[in-house]
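The form predicted alone is given below as one chain in structure tokens.
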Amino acid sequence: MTDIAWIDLALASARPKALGALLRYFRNLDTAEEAFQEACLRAIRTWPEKGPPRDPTAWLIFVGRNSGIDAVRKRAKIQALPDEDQISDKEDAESDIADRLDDSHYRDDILRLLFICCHPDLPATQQIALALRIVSGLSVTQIARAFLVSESAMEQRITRAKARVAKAGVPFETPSPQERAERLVIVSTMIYLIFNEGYSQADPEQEAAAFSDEAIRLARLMLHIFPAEPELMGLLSLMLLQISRRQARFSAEDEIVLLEDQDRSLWNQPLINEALALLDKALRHRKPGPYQLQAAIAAVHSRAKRAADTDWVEIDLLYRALERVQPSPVVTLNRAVVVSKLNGPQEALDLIEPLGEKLDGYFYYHGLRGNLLKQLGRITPARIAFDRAIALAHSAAEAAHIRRQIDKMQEEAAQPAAK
């Protein structure tokens, strides 16, 4: 690995930790970002010549802090800076920072950095873009390409999002255990949003496809600093189980391959093994939450050697538990798939019909409803449901999948007439 490649890797790895600490020092996101960027520039200039520091993260915090203080003083806008004994260069300050990196406040630095990206007034797409820019360090160009918008449009989105976050007044005091738990829930949701943005991409070469890997990296980071949180274990397990099927989810023609039709030899067994071990560890805490239950459902599928071996009874029980823990029409919709396997399409259709008003704008509702109606031989309403699903499709692959179902349904309906 070249010096530059190693430095890039070190800077990317250190970013959440260093930027989180700088945000706590300056209590201003722009100032913290500028300080970190200046520290990175100095690292690129000095590390190849002098060699890497003992602790790159501590070095970046130390240099970035001093650089940020200088910049603030030059702008003559010094406000609530840390006490002088905290910011003065006394003895081996870099070593002191390194020694304190594992303190409890450090964990909250990273949690806060992720938390500020999850402002409830921000649309999900802006939360994702902000997290990818601030926490992951992706360029505006990379994020814009992933979301298929112009660079200037994405720059404006991120700028507006940062302005809204700045007005929100995120508290910098050490959170209480209850506040920390609430932040973990919100941050976990945002990480899963990032994962799904990448998981839905058919082409692994697309910019957004890498979002899934970035979400897994962030989940690993969170689990490293909060190692006893069973829901973080569940979240990481769920994402690993889902990503283990990446190579089997789409055909060579980028067509969607349903779970029951996938070539299971293409599933990534090492990732499955890691995920199952994580899930077992989480469940031993006896505090089941939504991510653990979703991971448990995915685990049942992963343990089945063939689609015919799937334990649908166990999956139904898990979905019922998930409905109690996190009531949602989407959870009920997913359970309807299981009900159709166990008790037939009519009972599944009866289960989802009351969800029509809430899920009228949801692609998967109309896709499942059309499929159930097709199984019952109700061709005309099935076609209407499929057409609605196509109108709501998020990708060409989703729309093409529904069109293939329509074609197959019409071919089957024409067969008796041909006889």
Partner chain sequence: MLYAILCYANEETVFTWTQEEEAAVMGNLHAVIEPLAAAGKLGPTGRLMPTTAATTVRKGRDEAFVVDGPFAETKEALLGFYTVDFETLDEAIAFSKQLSAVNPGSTSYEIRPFYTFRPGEIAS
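Numbering follows the first chain given and starts at 1. Just so it is clear, the model here is predicted, and its values are computed rather than measured.
The form predicted in complex with its partner chain exists for this protein as well; it is not shown, and the discussion that follows is about that form.
Residue contact check for residue 396: none of its heavy atoms lie within 4.5 Å of its partner chain in the predicted complex. Though the partner is left out of this view, residue 186 does not reach within 4.5 Å of its partner chain in the predicted complex, counting heavy atoms only. Contact annotation for residue 270: at least one heavy atom lies within 4.5 Å of its partner chain in the predicted complex. Using a 4.5 angstroms threshold between heavy atoms, residue 327 stays clear of its partner chain in the predicted complex. Between the options 281, 180, 164, 320, the residue in contact with its partner chain in the predicted complex by a heavy atom within 4.5 angstroms is 281. The listed set 306, 160, 220, 73 contains one residue whose heavy atoms approach its partner chain in the predicted complex to within 4.5 Å, identified as 220.
Although its partner chain is omitted here, in the predicted complex all of 13, 17 and 227 have a heavy atom within 4.5 Å of it. Stretch 271 to 279 is the answer when you ask which of 248 to 256, 132 to 140, 271 to 279, 331 to 339 has residues with heavy atoms within 4.5 Å of its partner chain in the predicted complex.
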